[in-house]
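Take a look at this single chain in structure tokens; it is the form predicted alone.
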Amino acid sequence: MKRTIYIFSDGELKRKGNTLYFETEEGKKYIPVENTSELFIFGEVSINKRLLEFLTESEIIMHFFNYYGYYVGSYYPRQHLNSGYMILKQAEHYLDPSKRLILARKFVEGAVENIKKVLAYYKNRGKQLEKYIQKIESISQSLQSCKDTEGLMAIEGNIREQYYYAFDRILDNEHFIFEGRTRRPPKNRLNALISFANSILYTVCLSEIYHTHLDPRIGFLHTTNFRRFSLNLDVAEVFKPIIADRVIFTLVNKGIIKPQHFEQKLDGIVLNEKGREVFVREMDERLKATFEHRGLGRHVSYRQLIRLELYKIEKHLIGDEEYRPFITSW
């Protein structure tokens, strides 16, 4: 299986022969291109056009993050699985309000069901979460009567707020308190973890979309506009609770991530370089972890699960099979 390469050091990344070559002040390293699926760049890295041409030939996506760990963009090579037919189908489902609403609601339903599964998992382990589960059950009852995507987004936001407050009970750690959702910049350590986890998952979903016929610019829950990809944001909603949030719980509950892994920057708090390394290592392990998929009767990794979800969306768009979001069976 091809690997994800994370680069935290400063240096120059270029093509050398038929492989990738990364040079820093400390040394040089060859990165076999045939074993590489994507690159995450966190350090100050110089590149050139020859490298980009090579990445295109090799079908490798490169994601960039700034000094503070914020996602700034991706090099998304020319799509090798381009499909005009699929783009038309995506546009058809986006432009028809009823068809768009069906898919958008599925993404929110998937997210909410997986949120409830996570809360039930920790409730069964003695965490006092009944209050949050009841509130989420109550709010989610309005999902079916919702008439537009703006309403769905509002409901999903209210549910997720209750869910994030439940983190305080799940983590029970004075150094990681929710205190309300804050972004750009996050105002405390837990918000910094949530933001970083989400941005990594968005880019992973984007990388998986690249290997399908889908166009990442046309989403259904998130509005398609001139600024960014949106389908990856839709798909990530389903998987945040069972991938990104579970990584946060593991890192905090096992004492792997600590207050010293954060720093005060930009009037907020962000992970420092060591903290980002610790996080992406655990996230990578989570994405590679396998479980038995009941529907398929075989083991799949969480990364493969995201790809399978995209195939289901393709089938829905071409009218083969109605999309049903993945719900974990914990």
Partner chain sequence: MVNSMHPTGTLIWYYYICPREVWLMSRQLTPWQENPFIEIGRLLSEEAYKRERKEIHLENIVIDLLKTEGENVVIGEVKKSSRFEKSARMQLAFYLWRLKQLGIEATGQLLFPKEKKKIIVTLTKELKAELIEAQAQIKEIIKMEIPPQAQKTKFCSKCGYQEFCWS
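All of these numbers come straight from a predicted model, not from anything done at the bench. Definition used throughout: the rigid core is the maximal C-alpha set that superposes within 1.5 Å between two forms. Positions refer to the first chain, counted from 1.
Keep in mind the form predicted in complex with its partner chain is missing from the figure; the text below concerns it.
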*Since the chain is shown here on its own, which stretch among 235 to 243, 251 to 259, 210 to 218, 172 to 180 would lie within 4.5 Å of its partner chain in the model of the complex, judged by heavy atoms?*
210 to 218
*Which of S83, T223, N188, S199 has a heavy atom within 4.5 Å of its partner chain in the model of the complex?*
S83
_Close approach of G17 to its partner chain in the model of the complex, 4.5 Å, heavy atom_ = no
*its partner chain contact in the model of the complex: R298, any heavy atom under 4.5 Å*: yes
*Taking the shortest heavy atom distance, is Q304 within 4.5 Å of its partner chain in the model of the complex?*
yes
*Would Y21 sit within 4.5 Å of its partner chain in the model of the complex, counting heavy atoms only?*
no
_Pick out the residues of 276 to 294 whose heavy atoms come within 4.5 Å of its partner chain in the model of the complex._
H293
*Indicate whether R294 shows a C-alpha shift of 2 Å or more between this form and the one not shown, with the rigid core used for the fit.*
yes
